[in-house]
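Read the single chain below, which is given as structure tokens and is the form predicted alone.
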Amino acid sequence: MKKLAAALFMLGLALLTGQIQAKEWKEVRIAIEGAYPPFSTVDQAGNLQGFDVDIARALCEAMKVQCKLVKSDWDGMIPGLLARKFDAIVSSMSATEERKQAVDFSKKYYQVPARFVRKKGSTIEITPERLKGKTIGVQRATIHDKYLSDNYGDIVKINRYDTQDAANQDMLAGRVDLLLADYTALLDGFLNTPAGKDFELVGPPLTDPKWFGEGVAVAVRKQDKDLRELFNKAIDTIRADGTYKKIQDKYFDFDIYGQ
């Protein structure tokens, strides 16, 4: 009798756990930075705009859920997710092994290399000898910050910024010798603007998964595996039905999804 009671208790617990895991998502709160053009910006009316924003809304539509966008500072995103201030992050966050210790990721929704930028006419090259003593601007708590710290932290000065735009502004002011960021963000947010006409890419594309992960993906809490799978199916859906390409072509003239 005790064994039967124990078995029934375990069965009931399993069913209850299954019900909790099989939560019906009607609204998904999604964190987006709003300071990383062309992926996310805030317009004059205070509304979030950009590639990440359009992708987030398309994913919600494919999942048939209400989409609530939450503007969040970059370095507070993972803590905010874990604190349940929102349910997912769709904000150009690369799925790195370090981040996977804290959160789960969907399959990728885009992948571009990292690049350095220097002023035209500069003789700086991306070698330890030529970088020694230089100052490099980077957005704080990013994969680019980690890459610089691990590879050049003992020979360069790293200036860390809350936003990429702040780093760009210091490059214009001559306070840093180089920038490091995603190629697309540098191209569309800086080099292809009037302010960036005197600057250029330098060095090879950087893609090592050790620092740059497996592509940009949607971050969710580890216990929300059902939500992760909903995002995976939604990514497949918008890739298959042409929605992804329509959004991509609005912002880029190349395949941002990558290999």
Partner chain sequence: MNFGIILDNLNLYWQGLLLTVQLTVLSLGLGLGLAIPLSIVANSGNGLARGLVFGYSYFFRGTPLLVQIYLIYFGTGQFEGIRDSILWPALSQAYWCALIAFALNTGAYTTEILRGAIKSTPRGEIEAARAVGMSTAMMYRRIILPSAFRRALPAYGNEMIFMLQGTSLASVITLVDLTGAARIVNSRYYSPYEAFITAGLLYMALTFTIVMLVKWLERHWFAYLRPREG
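Model, not experiment: these values are computed from the prediction. Residue numbers count along the first chain shown, from 1.
Omitted from view is the form predicted in complex with its partner chain, to which the following refers.
In the predicted complex, its partner chain sits beyond 4.5 Å of every heavy atom of residue 125. Taking the partner from the other structure, its partner chain in the predicted complex has no heavy atom within 4.5 Å of any heavy atom of residue 104. Among heavy atoms of residue 75, some come within 4.5 Å of its partner chain in the predicted complex. Contact annotation: residue 188 falls outside 4.5 Å of its partner chain in the predicted complex, judged by heavy atom distances. Annotation: in the predicted complex, residues 180, 201 and 211 none come within 4.5 Å of its partner chain through any heavy atom. Of the stretches 125 to 133, 180 to 188, 158 to 166, 110 to 118, only 158 to 166 has residues with a heavy atom within 4.5 Å of its partner chain in the predicted complex. Annotation for 231 to 258: no interface residues with its partner chain in the predicted complex [heavy atom within 4.5 Å].
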